[in-house]
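Only one chain is shown below, in structure tokens, and it's the form predicted alone.
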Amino acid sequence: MSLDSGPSGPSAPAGGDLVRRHALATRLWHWTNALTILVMLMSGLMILNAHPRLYWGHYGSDHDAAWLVLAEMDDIAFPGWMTIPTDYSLADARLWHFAFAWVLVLAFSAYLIWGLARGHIARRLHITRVEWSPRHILHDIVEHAKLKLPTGAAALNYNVLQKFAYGGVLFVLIPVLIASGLAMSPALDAAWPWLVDLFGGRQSARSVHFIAAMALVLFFLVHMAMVLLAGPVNEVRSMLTGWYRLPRDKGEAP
């Protein structure tokens, strides 16, 4: 049974049924994105080690007021086990970061074009009028707080909180990461000065880049927590093979 095409037959799928949940393009995007973001995060932390302070505006140096100080001058903010490479090398970190930035841009663009053209994103992330209701949103928040996850056919579709989260990553965080990264490039500073001005300066773009990256880390931590709660074997299998077994209600016979 395919999730994209909807339930077939006279009855909707029930708990225990094996359904096709993720298309191949989604699975390829998921794992490519996971590896790319990990490498970019670790190499980005090494780049940040070169000057672990963040500023707003066009300029920032040791003698300017920083809004965030991650380490004092001559100190290392992030240990080697968190960075790529593990030994301090700003040049190598930039090579890793920029190489995987191209992977991120190309994979993101390909997935976005495919998802919009096939209607996949609209089917999965469209928020209905009912879901925009404050009462509906509050209900979903309470259900998550109680760790009550959907079962049976209800588990086929994303709830409104998932739609907000995935939509935020796809249409806000990743585009902001890419745009702020481009704004930090000296070559693009000269070619597209409007992009730097859009962020209020090169140092502001650097700060926005860091904030967006940390928001992505927060999303990852919440995502992993939900995977563990929902059943990691079933969740990982669905993202590897596409097949997902719908969870049963408590007390429902296997």
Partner chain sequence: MIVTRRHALRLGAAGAGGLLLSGCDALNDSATFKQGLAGVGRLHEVTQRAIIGDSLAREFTEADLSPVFKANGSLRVADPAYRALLAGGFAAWALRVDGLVHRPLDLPLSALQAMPQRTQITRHDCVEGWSAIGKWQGPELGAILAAAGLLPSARFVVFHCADKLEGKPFYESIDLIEAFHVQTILAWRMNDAPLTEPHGAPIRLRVERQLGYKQAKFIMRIELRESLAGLYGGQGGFWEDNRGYQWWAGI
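Worth saying up front: this structure is predicted, and the values here are computed from it rather than measured. Numbering follows the first chain given and starts at 1.
As for the form predicted in complex with the partner chain, it is not shown, yet the points below apply to it.
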With the partner removed from view, which of 159-167, 92-100, 123-131, 143-151 is the stretch that lies within 4.5 Å of the partner chain in the model of the complex, judged by heavy atom distances? 92-100
At the 4.5 Å heavy atom threshold, is residue 222 in contact with the partner chain in the model of the complex? no
Partner proximity in the model of the complex: residue 209 to the partner chain, non-hydrogen atom cutoff 4.5 Å: no
May I ask you to check whether residue 24 falls inside a 4.5 Å heavy atom distance of the partner chain in the model of the complex? no
Please determine whether residue 155 contacts the partner chain in the model of the complex, using a 4.5 Å cut-off between heavy atoms. no
Sort through 70, 227, 215, 47 and report the residue having a heavy atom within 4.5 Å of the partner chain in the model of the complex. 47
Go through 180-204 residue by residue and record those having a heavy atom within 4.5 Å of the partner chain in the model of the complex; state none if no residue qualifies. 185, 186, 187, 188, 189, 190, 191, 192, 193, 196, 197, 202, 203
